[in-house]
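Before any questions on how it binds or moves, here is one chain, the form predicted on its own, in structure tokens.
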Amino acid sequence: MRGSENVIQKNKISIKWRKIGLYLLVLLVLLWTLAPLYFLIITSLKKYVGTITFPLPWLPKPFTWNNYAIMFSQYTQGSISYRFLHALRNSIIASGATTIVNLVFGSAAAYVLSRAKIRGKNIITMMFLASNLLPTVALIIPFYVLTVTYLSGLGLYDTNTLLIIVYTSFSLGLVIWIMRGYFDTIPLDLEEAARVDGASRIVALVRIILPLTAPGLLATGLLTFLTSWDNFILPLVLGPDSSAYNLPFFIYSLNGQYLHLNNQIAAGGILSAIPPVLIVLFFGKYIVSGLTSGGVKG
């Protein structure tokens, strides 16, 4: 009996140390993840001198909100506030329009691929999805040459319209792939019953089918918006002037040749990160459920 008690006691001690080790590992991962965010926040609350002293202080001394205030004050041509608000407007326009275009055309294409009797529609779907596997860097130069050389008469260069088109081309395949999985899970009998009651195919799609795919629409819409919002390389090449630059490009532009405004760069990064963070906090569970619910047929 005493031997078995000793074994049980050793097992309890072993389990206890494993839990402690696991908690320490989680703590290290948490610190590794949050440390850059903490550094970004305290840098945004420092004066410029506090960002170039060594060693860097752990707390913002002296504390200031001026880096945030400067983003919304002195709204004159060429000022930081003017450029920030202009970049914010461009990001909202480009990301919002890209999301709407992707949901409309992506859902329509996914519905056709799900319901219509098309030979090789699985291959077509995979071809759409394969377009998302190509790296942005590999396609940015062809996009630039096509826009500047062959489509120069359309005046698309350095416009939100061009960025919306390019953003859509990079995310439409994923929307089609996800939404087709949702349409495949919806029984065809529901649509046929609506057709028997006199509804057209469009009415049945809008009033019966699309409400059932709301989680997929929400998930793909949020992912498309986030991807477009955070894009940097495309506006850098296709919209670098004063017309279509977005928030990531604005933050990049604060880094001058001789003066690095680290405090203002940090403040701009915090402000540009607020919309994605809010989306993840309030809609994160819908993104996860939306991406997984359509993966099971039946």
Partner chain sequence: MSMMPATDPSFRTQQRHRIFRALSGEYFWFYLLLLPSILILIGVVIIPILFAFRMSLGNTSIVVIGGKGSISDTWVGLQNYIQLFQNSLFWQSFRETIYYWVVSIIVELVVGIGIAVLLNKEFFGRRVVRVIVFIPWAIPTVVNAMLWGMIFDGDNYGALNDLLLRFHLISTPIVWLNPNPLFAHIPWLSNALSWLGSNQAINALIVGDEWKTLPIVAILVLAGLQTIPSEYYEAAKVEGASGWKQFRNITLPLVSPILTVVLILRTMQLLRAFTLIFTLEQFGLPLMSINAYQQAFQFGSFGTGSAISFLIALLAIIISIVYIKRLYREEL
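Residue numbers count along the first chain shown, from 1. What you are looking at is a predicted structure, and each value in this text was computed from that prediction instead of being measured. We call the rigid core whatever largest set of C-alpha positions still superposes within 1.5 Å between the two forms.
Same protein, other form: the form predicted in complex with the partner chain, not shown, and the subject of what follows.
The stretch among 125 to 133, 92 to 100, 207 to 215, 79 to 87 whose residues place heavy atoms within 4.5 Å of the partner chain in the model of the complex is 125 to 133. At a distance of at most 4.5 angstroms from the partner chain in the model of the complex, none of the three residues 15, 45 and 72 contributes a non-hydrogen atom. Although the partner is absent here, residue 232 lies within 4.5 Å of the partner chain in the model of the complex, judged by heavy atoms. Contact check for residue 169: a non-hydrogen atom falls within 4.5 Å of the partner chain in the model of the complex.
The partner chain is not shown here, and in the model of the complex it never comes within 4.5 Å of any heavy atom of residue 186.
In the model of the complex, the partner chain lies within 4.5 Å of some heavy atom of residue 146.
Using a 4.5 Å cut-off on any heavy atom, the residues of 269 to 284 that reach the partner chain in the model of the complex are, in sequence order, 269, 272, 273, 276, 277, 280, 281, 284. Core-superposed comparison between the shown form and the other one: CA of residue 148 displaced by 2 Å or more.
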